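Below, in C-alpha cells: the form predicted alone, a single chain.
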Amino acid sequence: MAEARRIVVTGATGSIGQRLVPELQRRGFRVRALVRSVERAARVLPPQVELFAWEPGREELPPAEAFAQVWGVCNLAGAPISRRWTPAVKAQIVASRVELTRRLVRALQQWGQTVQVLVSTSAVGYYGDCGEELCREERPPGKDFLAKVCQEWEAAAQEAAPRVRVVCLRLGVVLDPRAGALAQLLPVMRSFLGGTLGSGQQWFPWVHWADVVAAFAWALETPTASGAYNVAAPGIVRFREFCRELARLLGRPCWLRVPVWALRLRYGELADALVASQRAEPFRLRAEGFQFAYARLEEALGELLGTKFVRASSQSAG
C-alpha cells in the first residue's frame, strides 16, 4: 500500500526538495531525508520527516538505518551551478552529483534490499548546445562540461539497475520565484535593466516548479517509467521571448542585450552554458501519459508572479 511506503530523499532542503517532500507526504508516503545538518533541516522540513545525518563530502556511505524498509529513493542533491566555474567549483559540481550518486547507489546495493525505484535528477544540459535541433531523449550527449557531468551523473544512477527501476529526470530551467534563474532575473527586471543574454535566439527549456514536483511523483508511482525523461514544458520558447513575457507581466521594459564576451568576463566558462540552446521537449513524458499543469509560459509566469494574467486554461493538460 502506498501509505506504508518509505521514501529516502537527498537534497530535501533545496528549493525543489522543500516542495517535493510535503507533496510526497500528501500522497501517503513516509519520508526520510539524508541531510548535512539535522538542525537546519528540522527548521525547513515538515516535522513528520525522519532526518538522518550524512556528509557525502567525507566519502562515506549514508547510514544503513536510513534504508531500513525503504521502497523508493529520490536523489535531488547537487551543488549550485550558477557561479564562476573555477577548478574548485567544477570539482564540487562533479562531486555533489556524480560521486554522491555513486555512494548512494552503493548504499542501496549494500543495505537497500527493499528499494524498488530510484528517481535521480539530471538536466537538459546533457545535450550540450544543440542550436535549432530537437533534443529527444535518445539524442547522444554533448561534449561540454555540463553535458559530461550529466552523462556521468546518469550513469552513476543506472548502476542501481536492473534490480532497481531507475528513472533519470532531465530538468529544464526550473521557474521558482524563491530560487534559481527566475529569482535572479526578477530584481533585474524590476530595476528596469531587463534584457537578453547573447542573441536571445537560443531555445529556453523552462518548466514550472509544480510540474517538476509532479514529475518526480509520477516517476515514483508509475511502474512502467524507466530511463531518461525531459522535464521541460511543451510550450518551449526562445530566451528573448521568455524575457519579453516576463517584462510584460512586470510592466517593465526589456531592452538590454548582454553580449557573450561580457558574460565570459563575469562568469568564465559558465557563460557558454548560459547561452546554450536546448530545444528539449518532453517527448517521453507526454507519450506515457504525464500531463503538465503549466504548458504555456504566460500561464506559468502569471501563476508564479500572482498576476491577473492567469487564464482559466492554465490547468489544462500538457
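A residue's number is simply how far along the shown sequence it sits, counting from 1. These figures come from a predicted structure and were not determined experimentally.
Below: the form predicted together with a small molecule, not depicted.
| said: If we define contact as a non-hydrogen atom of the residue within 4.5 angstroms of the partner, is T196 a contact of the small molecule in the model of the complex? | reply: Flag for T196 set to no.
| field | Heavy atom of G78 within 4.5 Å of the small molecule in the model of the complex | value | G78 belongs to the contact set for the small molecule.
| query | Using heavy atoms and a 4.5 Å limit, would one call Q151 a contact residue for the small molecule in the model of the complex? | reply | Judged by the heavy-atom cut-off of 4.5 Å, Q151 is well away from the small molecule in the model of the complex.
| request: Answer with yes or no whether L301 is in contact with the small molecule in the model of the complex, where contact means some heavy atom within 4.5 Å. | output: No, L301 stays farther than 4.5 Å from the small molecule in the model of the complex.
| query | Among 128-136, 196-204, 241-249, 93-101, which stretch has residues with heavy atoms no more than 4.5 Å from the small molecule in the model of the complex? | reply | Among the listed stretches, the partner-contacting one is 93-101.
| Given that the small molecule is left out here, which of R36, R26, R266, R257 has a heavy atom within 4.5 Å of it in the model of the complex? | Only one listed residue qualifies here, and that residue is R36.
| Interface residue in the model of the complex among A157, V73, A232, A123, criterion: non-hydrogen atom within 4.5 angstroms of the small molecule | Selected residue: A123.
| Check all three, T13, I16 and P56, heavy atom within 4.5 Å of the small molecule in the model of the complex | Heavy-atom distance to the small molecule in the model of the complex: all three under 4.5 Å.
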